[in-house]
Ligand code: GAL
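Quick setup: one chain, the form predicted alone, written in structure tokens, and binding and motion questions come after.
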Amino acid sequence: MKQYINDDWQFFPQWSDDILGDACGESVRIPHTTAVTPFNCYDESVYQMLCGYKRNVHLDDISQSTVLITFEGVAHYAAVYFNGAKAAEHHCGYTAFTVDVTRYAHQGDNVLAVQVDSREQLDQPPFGNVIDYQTYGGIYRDVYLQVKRGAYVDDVFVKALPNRPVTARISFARLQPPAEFTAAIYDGDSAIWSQRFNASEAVTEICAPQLDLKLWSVDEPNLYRFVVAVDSDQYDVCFGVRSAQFTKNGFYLNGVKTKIVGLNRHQCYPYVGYAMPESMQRRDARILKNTLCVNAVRTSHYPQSQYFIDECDKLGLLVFTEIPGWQYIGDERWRQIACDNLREMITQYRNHPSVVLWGVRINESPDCDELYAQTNAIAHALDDTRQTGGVRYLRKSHLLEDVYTFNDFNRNGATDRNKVCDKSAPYLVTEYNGHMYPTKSYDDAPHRAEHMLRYARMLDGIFAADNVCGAFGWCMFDYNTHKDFGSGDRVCYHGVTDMFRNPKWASGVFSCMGDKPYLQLCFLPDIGDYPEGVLGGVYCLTNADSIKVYKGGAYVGQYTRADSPFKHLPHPPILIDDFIGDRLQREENFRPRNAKAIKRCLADVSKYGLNGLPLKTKLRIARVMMSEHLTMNKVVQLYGKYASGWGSEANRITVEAYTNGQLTATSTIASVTEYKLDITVSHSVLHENTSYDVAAVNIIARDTNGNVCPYVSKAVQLDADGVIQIIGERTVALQGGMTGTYVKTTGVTGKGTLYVDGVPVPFTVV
């Protein structure tokens, strides 16, 4: 049984041997970061330090017992001391490790201390050169204690493939064979199979009979539990029945061809970096699946929280996870640590049905056949049910892995796969866009629209190429980075959402693939946001069949997917290239041919201005004026009414979305006259369980039509009372009309209130 020991730690920002004695530090709880950082514009060295943590561990009778302490994540080098003796060290900030402290432990109070090195000069992955993400520091994932009496289960690897019996490879510790143990499979709380076995060796393989188990898939993520009991110990692991195969013809899940549409995710958050508890880890998975509506995620560029992967299991979200690293390959010792990282990653994550591919190559590293022959051999030996991939950005690089995983930074859509790799290799795009077109939530409308279109172009090409397995966009959200990257403020604005997970327009390319009605207008009606006041063709995102457009209350026309230049996306951006429609015929009684000509002339006037009109446009205007007996004053009036919209309601645009003839969504944009802050929380009931809980608070300025006001940049004042605390800054600025904050529990149950510009937001801690 796990006893979480996340509370009552002391933190020392500088390590000294006094920590092993009676020194007292700052009281902290795990997850913990070595330094709380500003939102942006800071020196990343603030979290790099050789520091220490300490707490008491009380043990009752431990005779004939094994005492184990597991750290789920310590960034990045850890040396563990128990009662002053060095018990273990670990060289990876992204995998868990367990320390057997039995020989140092005694009944009563014991002292557990951890030396933590978060300096980026460490000679271990991912360090050695520059890195395009901040690596933070601290004991940032759970810590738990286990006292095992007698034999215990050290590891279980469940293999569950369709139409085959479930098998399991069970590793025992302190086993004195022959010994009896029980294995069982549960559906929820109900056992559907149970059997006793004899273990004659420390590693034993067993096979269950053929059972009628439901498959795990992205739409129906059915999960089961495999439970092994020996002596007084019980080992419980979730698993799912599924096959996942990358082929030269595409990706197949349970034999069904499935196009992977995913995003990359870093595990960081504003202010506290990696140090967020279970609720926030699971929330990111839910955002990916339920809000962004992708079916896959790449855990760039390292293994991530078990809570996050657990939630991917539950939601049906495919996972590509990889070993830590970024471009650089070190010396022989460095490479050996990379191989150790790989072994830990596979043994710790291989029971997750969501994980479908192992990344066994340092992200974007050059060819290194000796190392990657070794990593592939390790992966296949530890898990013969999954394929391997290795992320690169160099075309035609050596392929030692099973899948050619490639970062495609083509500017205008997907690169022809035949120009990238051998056509016989399975092919998966692992990054696109990102640094090719960084976009802030407060950029002007044309920039944000082009950001959206770049995702659409790539995905359209991916869907067009039937033999491409899919693609992961870069990336889910903006993130803090080093001085060598980003926008000079320590932020990479590469996300389809901002750091608080507020959506940019580009997120809608993914969101409209969901089942819930979706409609997002990717333009503003005001000419001042466009060079020379020309909107040109604009787009909306929807999963409806068609849209109807109204301008100034007047019906303009209907548009469908056929009007999109993106012919392969299931729900492509719909092009709106006409805000006049047949109004010139209906309202001005112009003949159809002349109405069409006038509409073209008005568009040219908007585009070129009166003084810059091409000769052919001038001739067209002259012909229409003669045919319809128009004066120049009338032409000017037509321009004001149908093109510019000055002094009228013509810049009020309404779009209605229809599916099967039924209205599913409506959106109206107009000049903003007033706004208010829309405050939403991830959850208002927080739980003090294994550690503190955190709730995310999103703050968005919305106009009277519910739209985000991207140019509202006011400062928002935050305050809290009761049993909650604010994480990070107390004054936050709206960026692109959006911002956010986080509140955390304090170890006390009861009521708490967050005040957002004086508006109370209540929380309950239980």
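Numbering starts at 1 and runs along the sequence shown. Note that the structure is predicted; figures quoted are calculated from it, not measured.
Just so it is clear, the following notes concern the form predicted in complex with the named molecule, a form of the same protein that is not shown.
Candidate stretches 245 to 253, 348 to 356, 656 to 664, 402 to 410, one within 4.5 Å of the named molecule in the predicted complex by heavy atom: Result of the contact check: 402 to 410.
In the predicted complex, the residue from 460, 431, 233, 313 that sits within 4.5 Å of the named molecule by heavy atoms: In short, 431.
Of 516, 483, 435, 86, the one that lies within 4.5 Å of the named molecule in the predicted complex (heavy atoms): Result of the distance check: 435.
Residue contact check: residue 271 to the named molecule in the predicted complex, 4.5 Å heavy atom: No.
Exercise: residue 692 in contact with the named molecule in the predicted complex, heavy atom 4.5 Å: Flag for residue 692 set to no.
Heavy atom of residue 604 within 4.5 Å of the named molecule in the predicted complex: Residue 604: no, not in contact with the named molecule in the predicted complex.
Non-hydrogen atom contact residue 579 with the named molecule in the predicted complex at 4.5 angstroms: Contact with the named molecule, no.
Sequence-ordered list of residues in 465 to 480 near the named molecule in the predicted complex, where near means a heavy atom within 4.5 Å: Read in sequence order, the residues that approach the named molecule (within 4.5 Å, in the predicted complex) are 474, 479.
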